[in-house]
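Just the one chain here, the form predicted alone, laid out as structure tokens.
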């Protein structure tokens, strides 16, 4: 395919209790390839997965590093539990880089088989640095114990074609033994680029892609002129992991898998519907983002709910990891595209999942299952994030409907809510790097400044309705009636992604945490527990999307404590480290605080960075208020002692806003106190010492910011 720029042969090792005890460093600028040791201090402090990624990146960059600086890295790791073929959800990888959208570390949890294959090939993580002069492929040849950097020409632009060509080149006789990381053409032109991680479907004989979707890691990948990273292995099995307690591991793996197989058909039908079941639930509880988060429900939601996709998904087992009994990854076969460069072709499409349905569907005022499938396909193959694309398109549509931008600015496109053709055209423009699609691809934060400067758009209104925080677009949940989830988004380390804390039902529906202190406790435990999955290479869905039959009778049903204990048993069985539900939290707290400090290193990580757009907190417009007038009038009267009678809607919007903004600030105070941070959101020196992350450069940074 191309000339080999560098080749390194390495001595095969043996995984010991989930660890190889070495990582792989590749620099595509000077073609350096080398191994780095992993010591006991690195394992005890950072565990693996995201923790290893953050530590490697911390030591590679400085406070002036930007996303496109040569020293910025892409780090990928699976964690000590990642690659366990007998435990549900144990096939995840975590990708970390300095984000083009936020300027701080972004971490993205992704399926596909690359992380596990990297591990079985001999490495706990890979870090890639530098910018190549020409496009390159990094090949990790596990069976032959070689790593090469190859210069390439003529590889396709779209992700599926890249994976097909490289699978044929490198997989020899069995495509199930290869995994490829790549992006796509739109990642070159946008800041929303994703990484696609591949795996082979033995039944359908097709390549599937899963996405490290958030924050623009694919944009960094493309900027570095990396076309793909490829890993191959001979085999992956439990014996190769050399767990500390093989029988204990088999016992807990069987127990969790059996429970899922028994209960999933009676609960959410993840194995049949994936996360599409959430559309119905979110709409029922007024939580389905509609028309740029103005509303939480719509009468047309049935056109893209679980039953709509039930008829579209191809039947059959769709696990994205070996032996995962949740099997929630799904695809549509022989789908005919209606637009773009592949118009008229029939092909398979991975997904969609709930986030894509809500983001590219309801949030844009579009209720059409097949439109979402097409958006899903082109986002994947172009290499851009469906969440950021959907949320940014919704913002653009509201700007258009309010006259902040016009057809003169859009090149004649009608960007009204519900316009499917325009939504697709924006995506195709993004892949070509032209027009309004190119502007959209820079993200909401950029668009607010651009529209103000170039078109004289109202900046205050855009700040209220532009659903981004820290520069990252919101994922797809309505938070107006859940103060805890407003904090879960606003104080999330990387930006408003729900994988840190999803507290809407506990807070809004069940009212389990009425006080600031109770909300703060939840915003301590849940982000730390969820962080633990990213340290270990695990999927969160087996934890709380299928729950024990007696879970509601436990003291804290939301924690699904039976499963928490199983995860503690899982970690102990693999690593030999004594583990309890309590030590899971203290383990994660080290990395959680370290990531906050990393944000501080990059010039962020303070209270001002935890601000959220007001639409996340309450109704911005009269239209929003009046759509739920009984709810809001009732709250003014019962919660705040204000009689709404005789007041205009404009007055009521302003009064409610004052109360809600005060509540959000009060929540921040309570959370910072619980986490051991200053009132400005900075971990204290004492907290760093308590957690054992008191490295000299960490303490120096904290002392400057206390």
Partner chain sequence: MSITINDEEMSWNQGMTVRQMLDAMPGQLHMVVVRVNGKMVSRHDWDTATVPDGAKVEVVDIIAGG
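Numbering follows the first chain given and starts at 1. Just so you know, these numbers come straight off a predicted model, no measurement behind them.
The form predicted in complex with the partner chain exists for this protein as well; it is not shown, and the discussion that follows is about that form.
Name the stretch: of 97-105, 343-351, 170-178, 260-268, exactly one has residues whose heavy atoms fall within 4.5 Å of the partner chain in the model of the complex.
-> Looking at the partner contacts, the answer comes out as 260-268.
Since exactly one of 315, 460, 205, 552 fits, which has a heavy atom within 4.5 Å of the partner chain in the model of the complex?
-> Comparing distances to the partner chain in the model of the complex, the residue within 4.5 Å is 552.
Considering the partner chain in the model of the complex, which of 188, 428, 498, 601 comes within 4.5 Å of it through any heavy atom?
-> None of the others qualify; the residue that does is 498.
Looking at the partner-bound form in the model of the complex, is residue 251 within 4.5 Å of the partner chain by any heavy atom?
-> Output for residue 251 is no: heavy atoms all beyond 4.5 Å of the partner chain.
Does any heavy atom of residue 544 come within 4.5 Å of a heavy atom of the partner chain in the model of the complex?
-> Contact check for residue 544: yes, within 4.5 Å of the partner chain in the model of the complex.
Using the partner position in the model of the complex, report whether residue 280 sits within 4.5 Å of the partner chain, counting heavy atoms only.
-> Yes, residue 280 lies within 4.5 Å of the partner chain in the model of the complex.
Non-hydrogen atom contact residue 567 with the partner chain in the model of the complex at 4.5 angstroms = No.
Does anything in 305-324 come within 4.5 Å of the partner chain in the model of the complex by heavy atoms, and if so which residues, in order?
-> Stretch hits, in order: 306, 307.
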